[in-house]
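In structure tokens, one chain follows: the form predicted on its own.
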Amino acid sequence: MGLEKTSSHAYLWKRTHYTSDITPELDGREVIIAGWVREIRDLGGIKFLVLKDKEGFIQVTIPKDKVNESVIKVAEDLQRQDCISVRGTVKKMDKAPRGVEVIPESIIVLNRAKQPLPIDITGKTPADIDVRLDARVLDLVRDEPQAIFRIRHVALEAIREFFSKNGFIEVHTPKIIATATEGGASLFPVIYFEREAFLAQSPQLYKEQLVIDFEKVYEIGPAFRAEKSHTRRHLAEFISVDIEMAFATAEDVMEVAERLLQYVCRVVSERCRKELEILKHKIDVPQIPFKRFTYDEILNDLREAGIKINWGEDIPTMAFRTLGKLHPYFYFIVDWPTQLKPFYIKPRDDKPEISESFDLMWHWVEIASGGTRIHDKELLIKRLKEQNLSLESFKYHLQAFDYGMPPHAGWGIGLERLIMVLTGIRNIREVILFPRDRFRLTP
């Protein structure tokens, strides 16, 4: 029988199959499916529902002369995004999507969606991104966000697979810290009982210390930066993929980064064909090694393009956009001026004004930054003083250098920027579930 209200008996509504399980081979089989009403079409003598669950869609066909009156009555009141359970019989039907449909014996309404919905869940009527973000949970039911976050999930699986195969151990470091990781003003202060603390900008200092114990560590976790930038590639809270390796140099970890990106691109291109098709995006698996350009070579490239940057200055966004046209692929920029890099980046022995550092670029967007770290305590103290940072604030970090700190190197990749590469999405707020930026703290 058709039921208009949720039954307290779970066996009446608990699914036996996901939509992807419903195939023509189940013809004649009774099943229970559960999900949300995506589409409704009424052709008079027959009504079609498209039911969506986490695996996909299935057509529920209601021929009014062949199903009981109670089912028809419940179906008449259904609207998009209502949550329902359907008990019915699988029927092979060549004209139906995927060649199969379900003829209902009962429909249970588990919850109704308030109408009208704030956005079109089919995506046929586009909405501004801020309108969609205000109704983010509803926005996420559309095909495109579903594809983005399934790709993100597979990418994270691939990242962890790669690190496990290459001898890294996953760690999780504190996100409430007593002092700035890298100095500067881009910190979120928090009240920590009777003291002031900060949200971590990165796991940098902790992961360096942990190479004494585990040699090869990685972390996938949140980072927080109170930068006032409001662009398509900046967030105040994001996920950072970080590594640190003992007995390694910048060149060693650059090689890890390019192999990781090649592996992730290959895995996503193979496992996410349907999602990439929805997004109309193709992943080109990069060849390695990636090209390496020195900071000086980049300045020369820009000079030839009519953009003059003095040695020692950072490269502005406008110049990076020009570089993206000159180098439309993955590449490294190496040998940055020491003064542009954080205190823990090692200056070159033969030329201290240049650091053993790199930025990993994709077109014009920085994907990762890293380098060889300073493992000599006295040099680290010198660099802290040069950047006017308090030695007292870093005393626990400096203490670790008394315990046999090995030479080490590492990097951090912004996950959301990597997902932009993998999906072809141009606005970073599209690739994180609930974005936080200068102007958005809700939902």
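Residue numbers run from 1 along the displayed sequence. Remember, predicted model here, so these are calculated numbers, not experimental data.
Separately, the form predicted together with the RNA exists; it is not shown, and the next lines address it.
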(message) For the interface check, one of 286-294, 111-119, 167-175, 271-279 should have non-hydrogen atoms within 4.5 Å of the RNA in the predicted complex; which one?
(response) 111-119
(request) Only one of N300, T317, T89, Q146 comes within 4.5 Å of the RNA in the predicted complex by heavy atoms, so just point that one out. (result) T317
(request) Flag T125 as yes or no: does it have a non-hydrogen atom within 4.5 angstroms of any non-hydrogen atom of the RNA in the predicted complex? (result) yes
(message) Please determine whether E101 contacts the RNA in the predicted complex, using a 4.5 Å cut-off between heavy atoms.
(response) yes
(message) Would you classify F198 as touching the RNA in the predicted complex, given a 4.5 Å non-hydrogen atom cut-off?
(response) no
(request) Evaluate F238 for contact with the RNA in the predicted complex, applying a 4.5 angstroms cut-off between non-hydrogen atoms, and reply yes or no. (result) yes
(message) Could you pull out the residues of 336-373 that have any heavy atom within 4.5 Å of the RNA in the predicted complex?
(response) E366, I367, A368, S369
